[in-house]
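Here we start with a single chain on its own, the form predicted alone, put down as structure tokens.
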Amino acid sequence: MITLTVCNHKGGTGKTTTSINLSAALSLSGSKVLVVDLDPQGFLTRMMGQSEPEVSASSLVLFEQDLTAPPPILKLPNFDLIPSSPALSTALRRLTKPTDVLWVKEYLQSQLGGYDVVVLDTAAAVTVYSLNALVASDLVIIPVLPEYQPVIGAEQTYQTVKMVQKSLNPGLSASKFLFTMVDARKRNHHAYRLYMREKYQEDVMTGIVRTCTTLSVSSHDGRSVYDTNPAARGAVDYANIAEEVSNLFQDRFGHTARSHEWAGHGELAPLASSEMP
């Protein structure tokens, strides 16, 4: 099982959109995927068409001292989900011990099985929940819109990941920047992409996610871009990203998430054109 966190301290960078559509793409490629929503605002939970769950049916249960009854896992069309609850915000006041960054890792290691990939979606802030995600992860993806403030936020996130890797999770093998909402017509997008690739080199993913109307209107009623328009550029781009992530799994962990066959979705086979405008 591979654990992947999607994280950026700056909001509005396509983080939750990436969590949903990358998870859907990995699922279509043959992986069994679980998404855990660790954002107290629960954007991903709502975007997947889910109402606010009972606290006992939310990701907050992972932070209980006696985990006698793990939260029920929702079976969605694209992947499975442990939803978020606003009660996560209130619980922050009691999660102050140094060991409180280990809850999610312990749950994944002791309570969970049967999944190829676990995707942890986090809030746009440094909290005990985002730290839990980083401590539990094998790989971190940092979505970044190639503009000034999102780039600064992404670089700060990168440093946080490095700190966690050094002190709390030496098994965290990599963090990767993923350009999102890229508009090839904008000079500043080109300039910031060039800056990031020159500075961070192999820590920048090869594939990008271009601006796509379908991405902006999907994922509000439980659907991914593949349910809305599997031929959209956003669908093609996330297929490419899923292939690149699977290759990272192979290179760094010795195995892929699962098969790369897009059963029933041959038109979604990863393409080499995600850098095209």
Ligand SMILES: Nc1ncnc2c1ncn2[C@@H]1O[C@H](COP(=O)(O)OP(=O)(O)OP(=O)(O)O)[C@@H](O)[C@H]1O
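Start at 1 and count along the sequence shown; that's the residue number. In this text, all values refer to a predicted model and were calculated from it rather than measured experimentally.
FYI, the form predicted together with this ligand isn't displayed, but the following is about it.
When this ligand is considered in the predicted bound form, Leu76 lies well away from it, no heavy atom lying within 4.5 Å.
By the criterion of a heavy atom within 4.5 Å, Leu38 is excluded from the residues contacting this ligand in the predicted bound form. Asn229 falls outside the set of residues with a heavy atom inside 4.5 Å of this ligand in the predicted bound form. The closest non-hydrogen atom of Leu62 lies beyond 4.5 Å of this ligand in the predicted bound form. Picking from 202-210, 160-168, 104-112, 185-193 the stretch near this ligand in the predicted bound form, with a 4.5 Å limit on heavy atoms, gives 202-210.
The listed set Val128, Ile141, Val135, Ala124 contains one residue whose heavy atoms approach this ligand in the predicted bound form to within 4.5 Å, identified as Ala124. Of the listed positions (Val151, Met181, Leu88, Leu172), a single one reaches within 4.5 angstroms of this ligand by any non-hydrogen atom in the predicted bound form, namely Met181. With contact defined as any non-hydrogen atom lying within 4.5 angstroms of this ligand in the predicted bound form, the contacting residues in 16-31 are Thr16, Thr17, given in sequence order.
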